[in-house]
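Listed next as structure tokens is one chain, alone, in the form predicted alone.
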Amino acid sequence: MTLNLCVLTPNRIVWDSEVKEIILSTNSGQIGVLPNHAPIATAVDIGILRIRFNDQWLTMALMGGFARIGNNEITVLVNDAEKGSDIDPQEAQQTLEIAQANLRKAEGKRQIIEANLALRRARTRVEAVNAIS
């Protein structure tokens, strides 16, 4: 038995295929989803989506949004998403280093909040690349 997973951003469909299992980062922690999972709607955190597809684990960096699970259908609506295999490791590492530097020199609440979010996004992209290496 499988699940139909659809990952959507405002601009494109990132994933639309049957999968065996997923592990999703939510605002209250990670949840694993197998076929016949109880219906749920949840907020999706900035984090990694792990997908078991053809007996292989794939990763995707998600940048926050919402997910709806029910009747073996999973719809994930996020601000942005990138497959781990599509992320350039060197570019992701450079972005992480820039985000760390920006956080160190951030002044004021707004700059600190924005720098922390940028750092979380950058860490997630690096984690998505490293999870597939």
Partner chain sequence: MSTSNLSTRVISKPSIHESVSLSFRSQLNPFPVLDPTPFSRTNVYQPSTLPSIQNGIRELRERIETVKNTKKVTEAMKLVAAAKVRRAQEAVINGRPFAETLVEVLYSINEQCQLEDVEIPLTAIRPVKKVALVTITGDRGLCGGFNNAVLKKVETRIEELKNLGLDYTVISVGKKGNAYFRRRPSVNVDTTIEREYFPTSKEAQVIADNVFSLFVSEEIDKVELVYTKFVSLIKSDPVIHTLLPLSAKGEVRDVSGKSVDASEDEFFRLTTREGKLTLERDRVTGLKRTEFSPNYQFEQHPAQILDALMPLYLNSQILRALQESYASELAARMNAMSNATDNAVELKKNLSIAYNRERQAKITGEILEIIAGAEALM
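Positions refer to the first chain, counted from 1. On a predicted model such as this, the values are computed, not experimentally measured, just so you know.
The next section is about a form of this same protein that is not shown, the form predicted together with the partner chain.
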is_contact(Q94, the partner chain) in the model of the complex, heavy atom dist at most 4.5 Å: no
Touches the partner chain in the model of the complex: L103 (any heavy atom, 4.5 Å): no
Exercise: N54 in contact with the partner chain in the model of the complex, heavy atom 4.5 Å: no
Partner proximity in the model of the complex: K20 to the partner chain, non-hydrogen atom cutoff 4.5 Å: no
Within 4.5 Å of the partner chain in the model of the complex: residues from 75-105 (heavy atom criterion): T75, L77, V78, N79, D80
